[in-house]
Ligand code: PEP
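Only one chain comes next, encoded as structure tokens, the form predicted alone.
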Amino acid sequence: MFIRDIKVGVISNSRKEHTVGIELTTYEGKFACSAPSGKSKGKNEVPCYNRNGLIRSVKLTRAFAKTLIHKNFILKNLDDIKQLTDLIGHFEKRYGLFGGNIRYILEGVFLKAAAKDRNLELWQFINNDVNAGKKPKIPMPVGNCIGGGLHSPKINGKRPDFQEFLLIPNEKTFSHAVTLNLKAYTLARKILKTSKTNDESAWTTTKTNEEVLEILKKVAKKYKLRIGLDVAASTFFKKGYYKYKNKELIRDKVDQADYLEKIIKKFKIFYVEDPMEESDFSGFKEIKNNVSKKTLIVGDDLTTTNIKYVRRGVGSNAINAMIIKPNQIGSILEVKKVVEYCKDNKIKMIFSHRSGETMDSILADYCIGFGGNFIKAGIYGRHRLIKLKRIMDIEKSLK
């Protein structure tokens, strides 16, 4: 893989905020990758950019890119990306850290080019079972239907405290699952009588958590969908208490766990992400032990795609599922470690977008390549649908 040129620039994400994009030119063609940005972040996520900001990261990346031009890389498998990461490490020691988003796009664009160099799709390049003739696992979509929390604006001073109210099909094909979510999304709009959406194109409302769940229950029943929640509890946890704004009440750790358990049972919730604040492993464990074994208790801010916290979460019996966000850890080889650990311990994997997304569909290839059980990429909006369409295209190619 001979590097002819690399261009690094600033682009806009779905929130109209600045992020970074890269274009790599080899003899096989041009390849692009761009970095998403999260608004609700775990405290243990790697920094997105250099401590001096995005522009400093771009300048560093451009300087680094010049050192790669006219070099030849032989990348036969995913592990060979270490050739690039070693060079990044040496450069960073001398000039400063790029940040997780820069590492994400550098690795991503190199992997796209390496896959093309071997006449493979990116998911095939990542998936070790392809050479054995095995079909990859097709995930199910996790779709954000109604929004609250940090992703949503307040309407007349109110919004749901929970961040995402999710719909999760259980179908034989991904394409049918996406269709059902879109139908349910349309019905939810009619019930809410709204046309306004949030950062992730989910419907906005002033209703309480329970009122939204009542609506979601009706919608889910009509289309035979499962209900999910991203509580994002850390976003309203202050000085030892969970401070709810919609109803103006305060819950301590015990009350919070009890409240979530009651909601899970009442609404038969299948998926619950970050029900407690991001360092409360025992709180996660308590909820997990007191609900159905079929309920997914999902770590995101708790685990931050970091093998150290994943091991702690699994070892303490706090979770049975986790979110995987590659730019959250800033290393695809670290993602691989997490994936292998999850598979060994039967932990469900949800590959997730960020609230500030780009038109890059690489997340879909990562999800299928690594064998993800679910992909969380919204229900509607062009920055979300491009990921869903990519999986539908892969599914179609396998028939």
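Start at 1 with the first residue shown and count on from there. If you're wondering where the values come from, they're calculated on a predicted model, not measured in any experiment.
Beyond what is shown, the protein has a form predicted together with the ligand; the following relates to that form.
Note on the partner interface in the predicted bound form: the residue among K39, R56, K348, K336 having a heavy atom within 4.5 angstroms of the ligand is K39. Of the residues given (R103, K112, R159, H151), H151 alone sits with a heavy atom within 4.5 Å of the ligand in the predicted bound form.
The chain is drawn here without the ligand; in the predicted bound form, the stretch among 348-356, 47-55, 362-370, 60-68 whose residues come within 4.5 Å of it by any heavy atom is 348-356. Although the partner is absent here, T303 is not a contact residue: none of its heavy atoms lies within 4.5 angstroms of the ligand in the predicted bound form. Using a 4.5 Å cutoff between non-hydrogen atoms, N181 does not count as a contact of the ligand in the predicted bound form. Although the ligand is not shown here, in the predicted bound form the stretch 206-234 places heavy atoms of just one residue, D230, within 4.5 Å of it.
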